[in-house]
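First comes one chain, alone, set out as structure tokens in the form predicted on its own.
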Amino acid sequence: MDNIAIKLLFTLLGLFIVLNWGLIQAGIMNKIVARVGKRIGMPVYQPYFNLIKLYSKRTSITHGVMFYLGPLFRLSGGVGMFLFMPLIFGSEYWSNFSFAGDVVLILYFQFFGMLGMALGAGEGGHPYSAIGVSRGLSQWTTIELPLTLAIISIAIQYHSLSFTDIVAAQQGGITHWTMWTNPLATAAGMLAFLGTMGHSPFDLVKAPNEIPIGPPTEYHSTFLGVLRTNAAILHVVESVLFMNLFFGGATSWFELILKTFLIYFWSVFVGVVFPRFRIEQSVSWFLKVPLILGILAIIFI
């Protein structure tokens, strides 16, 4: 019982660290994007102020139970990924509750949050909700195809569906990373990563360059605060996922912070350089180069 209590304590501490690193990272990335556009941008600590403001507000508008469960489902997806994702290789307490086959569970949690938001938006009653739901689910389905093929290729390569085993096989230097031993799977996975992060050119659900609708507008007060909290956690956990699969994992918090920053920056860099796709362009793009690379990764292994 003492070991379980200590494990739970370290897990909660890890969640606190990940949340704060996600908020700080979001502030840094917003500052970088602003500088690219020759603007000063908001302060790095602005995401903290946003959360305080949102959680201090309440709403009396009623849209139905499922509409308000959507953000909770979304948060459950991000927190669920964190709980079963090993953070620091070789650490008993920072491995969270990972187990043999945790890669499969993480893939389910990835899609869980998206489905929850789709159910919530469907009950909102907004005339454009169906458009957002169809965009999100259509794009996410095509993202899952190359990502799943890349993960299958890695599972075949390392004969395991455990993050701990996959990271252990990559120890011994950078040449042991999946990035070098299976470059096709890495390429397919990192292209799919652009879609999972939801930055331009794949921010189709929010569509910030169109009319001001979508989750940030339809959800407000505490519900939007829950979504922002999930975004901070999810962006870090998604980066940790790809770090464990392709870039050797992390043996310390410093290494984790450095690698997740660089992985996250990859999606921000592409978002600054390329404009937003239309839904048909996004779907067809994932079904071309990333999907072909995923198939070749399977053949290669």
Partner chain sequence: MVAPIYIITIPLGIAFLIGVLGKSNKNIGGMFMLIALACMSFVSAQWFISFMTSTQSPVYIYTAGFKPPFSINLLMGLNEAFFTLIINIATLLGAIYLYNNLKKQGTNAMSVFLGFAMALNVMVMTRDIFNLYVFLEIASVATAGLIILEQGLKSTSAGFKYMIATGIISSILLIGIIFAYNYSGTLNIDGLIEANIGILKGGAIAIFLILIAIVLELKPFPANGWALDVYQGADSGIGAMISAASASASLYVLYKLFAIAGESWYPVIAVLGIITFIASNLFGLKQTNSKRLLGYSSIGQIGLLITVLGLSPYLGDKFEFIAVTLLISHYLAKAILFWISGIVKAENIKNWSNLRKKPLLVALFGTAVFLLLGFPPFPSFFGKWELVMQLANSGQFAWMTAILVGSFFEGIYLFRWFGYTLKLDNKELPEYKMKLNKIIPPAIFGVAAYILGYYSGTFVDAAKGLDYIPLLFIAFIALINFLPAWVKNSISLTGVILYIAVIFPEFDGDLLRQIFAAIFLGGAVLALFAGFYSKGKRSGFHVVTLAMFAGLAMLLKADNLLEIFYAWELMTIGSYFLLIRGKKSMPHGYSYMMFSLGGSYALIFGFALAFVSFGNLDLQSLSGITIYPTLAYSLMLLGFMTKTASFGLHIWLPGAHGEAVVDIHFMASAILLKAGVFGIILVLLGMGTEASYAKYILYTLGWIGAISALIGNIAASFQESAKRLLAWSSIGQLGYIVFGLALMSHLGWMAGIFYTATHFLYKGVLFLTIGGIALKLGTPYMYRMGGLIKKMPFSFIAVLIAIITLSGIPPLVGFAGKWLFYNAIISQGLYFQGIVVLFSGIVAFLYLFRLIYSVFLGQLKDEHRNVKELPLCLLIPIYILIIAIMIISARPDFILKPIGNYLLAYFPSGALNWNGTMASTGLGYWDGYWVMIIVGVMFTLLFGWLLILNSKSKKVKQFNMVYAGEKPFRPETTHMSYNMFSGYNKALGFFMMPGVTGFWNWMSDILHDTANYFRRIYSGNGQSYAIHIIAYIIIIYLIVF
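Please read these numbers as outputs of a predicted model, since none were measured by experiment. Numbering follows the first chain given and starts at 1.
Omitted from view is the form predicted together with the partner chain, to which the following refers.
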property: Options 171 to 179, 197 to 205, 184 to 192, 142 to 150; stretch whose heavy atom lies within 4.5 Å of the partner chain in the predicted complex; result: 142 to 150
property: Interface membership of Val133, the partner chain in the predicted complex, 4.5 Å heavy atom rule; result: yes
property: The partner chain contact in the predicted complex: Tyr93, any heavy atom under 4.5 Å; result: no
property: Val226: touches the partner chain in the predicted complex, heavy atom cutoff 4.5 angstroms; result: yes
property: Residue contact check: Ile4 to the partner chain in the predicted complex, 4.5 Å heavy atom; result: yes
property: Direction of the Cα shift between Thr181 and Gly101 in the predicted complex, where the change is 3 Å or more; result: farther
property: Direction of Cα pair change Leu13-Gly101 in the predicted complex, magnitude 3 angstroms or more; result: closer
